[in-house]
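Have a look below at one chain only, the form predicted alone, in structure tokens format.
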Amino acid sequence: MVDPQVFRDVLAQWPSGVTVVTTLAADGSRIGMTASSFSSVSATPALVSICLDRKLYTHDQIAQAGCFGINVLAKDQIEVGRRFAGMVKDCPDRFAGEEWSTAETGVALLDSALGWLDCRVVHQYDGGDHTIFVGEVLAANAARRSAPLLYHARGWGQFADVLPEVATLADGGAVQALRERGEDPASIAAVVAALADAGIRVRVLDLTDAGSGPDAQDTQAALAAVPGDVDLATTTARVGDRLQAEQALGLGIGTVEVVADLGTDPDAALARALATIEGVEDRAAVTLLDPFDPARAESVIAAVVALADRGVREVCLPDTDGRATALEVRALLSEVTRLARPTSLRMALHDRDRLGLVKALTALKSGVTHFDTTLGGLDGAVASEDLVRLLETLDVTTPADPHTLSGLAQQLRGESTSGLLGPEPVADRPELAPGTSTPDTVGAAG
């Protein structure tokens, strides 16, 4: 026969979630205890089970009341779990300090829990020194979006941070920075080609400052400046409206990037972004401005869910001007990373105060695997070559070639790229008249 202590030690290695089980006393007062022996039984009908020691007071009360509630605790509710486990001294009322509701049976249901189930006992089975209560779920609520509280090896905790196996990079600033520096188109095209060869996706076009309509000469000039001899299917363009999206995709650019500012009217901002990419969501990325501002958290979470539901290819969360702290990055990403799936979640990294790589590591630990950086940190973003070196030290694989990036960054530190990378011919692109599009544009795809 197995030694009871060895048996308990083995079971302690099995991690489980933590719940507060509630029921009613004969006089209608609230009763609750912390428990981990909870599991689902059936989907149709909705049945769950809990296993309680026969010596527990709560066991007898559930048997008599014929009902119980299951409240699933979040990672930040260790104190609640300890209180209902009887681990807090001088606690005359375990229910004090929390908001509680009732549903069908009248048992207390924790408003701040990840979710709760209101159950009627339909079966009781002998389980040795425990009783297995099977409950029919009469009401349920998934209230929060967060990580669960876990119990393992007789300790409280949460999911360990597991680094991803692969991470990818996109360059959102090198081309614009080189243009502002006065580089000639041939040199810029050479940089784009070198980045693409190194495994970096490049933003080659930003039309958001250009006009649109029949007299949009600025837009036409920007389109004409797209670097040649580059596979545009692996590039992106930032656009400000529907016409610009059509023009960019008409050139053969693989992904259009749209910005949504959720500050004043988040619903309207999100609606405008979705209208711009309607029909080509799988070729679009939406950037949510200043997402790590705690005041915008709820709007950002709602927007991520809505964009994922619409099948948008990517959602980008930029560290605007490097203002976000590592804790703010962690707080938001722990909420939205799982909600974004299968949409890819990206983080645009700024290197203010040289803390960009710290926040990159925080993002990696939070499940983000796609990053926006800039070669050489030309626009204040984290330098692509620096992030690649960090990924190497963490054994995170990336398609980006570190040697090519390092050499290219060294060249860019000079005053000009002319003569360093060598001139590259600019291939002809489809000529677009203002207000028109090619057969491969948004209109055709939509």
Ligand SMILES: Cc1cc2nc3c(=O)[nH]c(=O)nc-3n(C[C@H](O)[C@H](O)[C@H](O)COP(=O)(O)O)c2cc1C
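Counting begins at 1, following the sequence as shown. All values reported here derive from a predicted model rather than from experimental measurement.
Just so it is clear, the following notes concern the form predicted in complex with this ligand, a form of the same protein that is not shown.
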| query | finding |
| --- | --- |
| Residue contact check: D379 to this ligand in the model of the complex, 4.5 Å heavy atom | no |
| Partner proximity in the model of the complex: R94 to this ligand, non-hydrogen atom cutoff 4.5 Å | yes |
| Contact test in the model of the complex: T404 vs this ligand, heavy atoms, 4.5 Å | no |
| F133, heavy atom within 4.5 angstroms of this ligand in the model of the complex | no |
| Contact assignment for this ligand in the model of the complex, among A271, V166, V162, M87, heavy atom within 4.5 Å | M87 |
| In the model of the complex, the one of I70, L391, A35, L412 near this ligand [non-hydrogen atom within 4.5 angstroms] | A35 |
| Interface stretch in the model of the complex with this ligand - options 148-156, 329-337, 365-373, 97-105, non-hydrogen atom within 4.5 Å | 148-156 |
| Heavy atom within 4.5 Å of this ligand in the model of the complex - qualifying residues of 46-67 | C51, L52, D53, L56, Y57, T58 |
